[in-house]
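Let's start with one chain on its own, the form predicted alone, as structure tokens.
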């Protein structure tokens, strides 16, 4: 979680200096869902994400330098500098796609789950999306098909209370995403999205049946993004008191202080974790800065005809 936090804080700074350009969405405050879910996955599993993908890719083990290089448009990036923040792919670590299309990877995850069932029994597909994606037609169509075909797919909704700039109460009368899963008979759980241990336990319980043909599952993580929808968003649609309330539930510091309180970590070890993460990110930034941009000849490479 510290690696993701430090990485995205650096990304925010690089947006400010103009070294990272384009529309960038960070997940500061939402790190627990990425780490809690990905920690129970195996190398053979596949992951899809959306427009807020940095944390998911890093949680799967991607090289921070390659991710940073991608955001900076460098040839050393995961996608050769052509994908950017919203289109991260790391096949080596099972991350098949991230997209700027809200909920656009949900049906793709179903296709992968179907293929895995036939070719790699026991492997699962996981797709991360926000609560705004739940109001799309293909979310419901996907739930229906996944349940009907008993596909090994885990749908993870990072419910941060806002669909871009709109609070959940303004775009749906359904308070909990798990209510939709009930309609299709899909096993579902709602958990504290800022508690990484609770998320890991829930994900583990849901993934186990998937591996043995138990059908799909849905995990709703109630969390909060401490930054605006995108870098540069003034976020005037939120009250300062709301942000302060959620800041007190910071998942990274909450886990660290809890581990120190129970004796699982010393204060020194907890501080060392943060320091190590920040050093790793500083090295990633340095490597990305020194990497070359793609050659002009690369413009037409990796483009479908």
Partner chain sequence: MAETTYIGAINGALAAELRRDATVRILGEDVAEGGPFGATKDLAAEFGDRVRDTPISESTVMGIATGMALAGLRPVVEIMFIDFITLAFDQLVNQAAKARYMSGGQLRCPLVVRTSSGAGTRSGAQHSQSLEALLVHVPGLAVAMPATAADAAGLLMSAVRADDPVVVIENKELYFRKEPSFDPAPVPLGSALVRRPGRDVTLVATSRTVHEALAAAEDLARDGIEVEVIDPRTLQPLDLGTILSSVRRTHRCVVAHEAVRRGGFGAELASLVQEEAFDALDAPVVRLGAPATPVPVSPPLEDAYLVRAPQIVSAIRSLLNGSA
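Positions refer to the first chain, counted from 1. Computed from a prediction, not measured in an experiment: that's the story for all the values here.
Another form exists, predicted in complex with the partner chain; not displayed. Remarks below refer to it.
Checked against the partner chain in the predicted bound form, the candidates 161, 100, 215, 107 yield a single residue with a heavy atom inside 4.5 Å, and that residue is 100.
Note on contacts: among 200, 117, 189, 87, the single residue with a heavy atom within 4.5 Å of the partner chain in the predicted bound form is 87. None of 200 to 208, 120 to 128, 145 to 153, 79 to 87 except one has non-hydrogen atoms within 4.5 angstroms of the partner chain in the predicted bound form; the exception is 79 to 87. Although the partner is absent here, residue 132 is a contact residue: one of its heavy atoms lies within 4.5 angstroms of the partner chain in the predicted bound form. Shown alone here, residue 23 lies within 4.5 Å of the partner chain in the predicted bound form, counting heavy atoms only. Taking the partner from the other structure, the partner chain in the predicted bound form has no heavy atom within 4.5 Å of any heavy atom of residue 178. Interface membership of residue 138, defined by any non-hydrogen atom within 4.5 Å of the partner chain in the predicted bound form, is confirmed. Three-residue candidate spot 166, 171 and 303; every residue lies within 4.5 angstroms of the partner chain in the predicted bound form by at least one non-hydrogen atom. Shown without its partner, the chain has 293, 294, 295, 296, 298 in segment 284 to 298 as residues with a non-hydrogen atom within 4.5 angstroms of the partner chain in the predicted bound form.
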